[in-house]
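One chain follows as C-alpha cells, the form predicted alone.
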Amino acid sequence: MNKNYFEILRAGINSTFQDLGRKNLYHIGIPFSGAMDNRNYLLANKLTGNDLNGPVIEFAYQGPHLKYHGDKINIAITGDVSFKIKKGDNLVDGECYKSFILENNDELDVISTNKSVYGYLSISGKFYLEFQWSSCSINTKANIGSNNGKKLSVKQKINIKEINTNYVNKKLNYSNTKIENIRVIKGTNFNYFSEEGKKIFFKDEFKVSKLSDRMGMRLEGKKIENIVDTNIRSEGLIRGVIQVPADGNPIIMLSDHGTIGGYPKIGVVISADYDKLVQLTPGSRIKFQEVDLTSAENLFKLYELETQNLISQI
C-alpha cells in the first residue's frame, strides 16, 4: 500500500492531471491537450523543484479539497486562486506563487479562482500516473490520459510514488494581468466574410459565452456575415483557430479541440496571447487586434523570454 497519498474530500470543477501535452498526433485525431495556461503550469512546477514538464493538477473555478497522508511534502499553487491549509486546529491562508509544506493529516482546500478560470497545483514529487502517448494529460471528451481519461472524483486517492525532500521555501512576486486586446493573424478563409463582417470582427466587442470549456470558447456579439459558404470541406485545426459557423458567432479552438473542422476560419489567436485568453471568464469582453506573422513570431519570442525570466527568479 502506498503510504503517501491525497484523499479527495471534494473533487472541484473539472480537476484533471495535465502536463505539456501530446505532440505529433494530429494525424490520428489526437490534439495536444496539456495545461491550458502554460506559464502558470511551468511556474507551479518550478516552485516545487519539479521537472518543468511534470504532471500537475489543473482545476477550473473551484479546486479540490484534499487531505494529505504521508511524509511531509512541498506544494505550490499558481494562478489567481484562493486556498487554505488546515493544520490541526490552525487554518492558514494560502498564497499563490509560494511553496508550502504539507504534513500528515493536513488538509488543502482550493476554494476558488478569482476572476479567472484555471489554477495549478504542483507537488515536490511525482504522482503515480499512467502515461498515454508520452503524456498523462487528460482529455475527458475522448477519455484519453491518466485516471482513465476522467476528471478527479470524490473519495478517490491520488498516490505519490516519489517525494523530493528538498524543502527549501520558494516564492515569486508575480500577479496575473488582463489583456485589453487578443491579437490574431488572418485565417485561411478570411475572404469568405463580407467587408462589414471583417469590420465587426476587428472593431466590435464579443462576449465570452457560458458554453466554453477546454475544447473551445464560444463568443457572442454582432453576427459575422459569410458571403461564400458557411461550410467547407473539413480541414485540419490548431489551437487558437477562430471558426465562424452559420450563426455568425465565433468559436475559438482551445487545448482539447477536435483536429478537423468544416467551419470557415477567420483568424488565429497568436501563441503569446493564448494563456491570457483561456483565463477569461464567461461574460468577459474580447476585442481582436490584427497583427502580421512576423509580429506574432516576435511577440511569442518575447513571451518565452519573459516566462524564462520568471522561472529564473524562483
Partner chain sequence: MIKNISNLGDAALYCDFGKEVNKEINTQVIKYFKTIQKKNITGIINITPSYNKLIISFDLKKINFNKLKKIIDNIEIIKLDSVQNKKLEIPICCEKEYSLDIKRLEDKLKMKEEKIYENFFEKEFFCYMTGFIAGMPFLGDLEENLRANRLDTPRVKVPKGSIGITEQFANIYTFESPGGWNIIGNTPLSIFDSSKENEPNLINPGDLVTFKRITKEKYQNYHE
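Numbering follows the first chain given and starts at 1. Computed from a predicted structure; not experimentally measured.
Only in words, not in the display: the form predicted in complex with its partner chain, which the text now covers.
- Checked against its partner chain in the predicted complex, the candidates 111, 172, 215, 92 yield a single residue with a heavy atom inside 4.5 Å, and that residue is 215.
- Put simply, of 39, 46, 265, 65 only one has a heavy atom within 4.5 Å of its partner chain in the predicted complex, and it is 265.
- Contact between residue 202 and its partner chain in the predicted complex is not found at the 4.5 Å heavy atom cutoff.
- The closest non-hydrogen atom of residue 234 lies within 4.5 Å of its partner chain in the predicted complex.
- Its partner chain in the predicted complex comes within 4.5 Å of a heavy atom belonging to residue 293.
- Though the partner is left out of this view, residue 281 does not reach within 4.5 Å of its partner chain in the predicted complex, counting heavy atoms only.
- Partner contacts here mean any heavy atom within 4.5 Å of its partner chain in the predicted complex, and among 66-74, 281-289, 253-261, 52-60 they occur only in 253-261.
- The three marked residues, 17, 153 and 159, fail to reach its partner chain in the predicted complex, with no heavy atom of any inside 4.5 Å.
- Along 283-312, residues 293, 296, 297, 300, 304 each place a heavy atom within 4.5 Å of its partner chain in the predicted complex.
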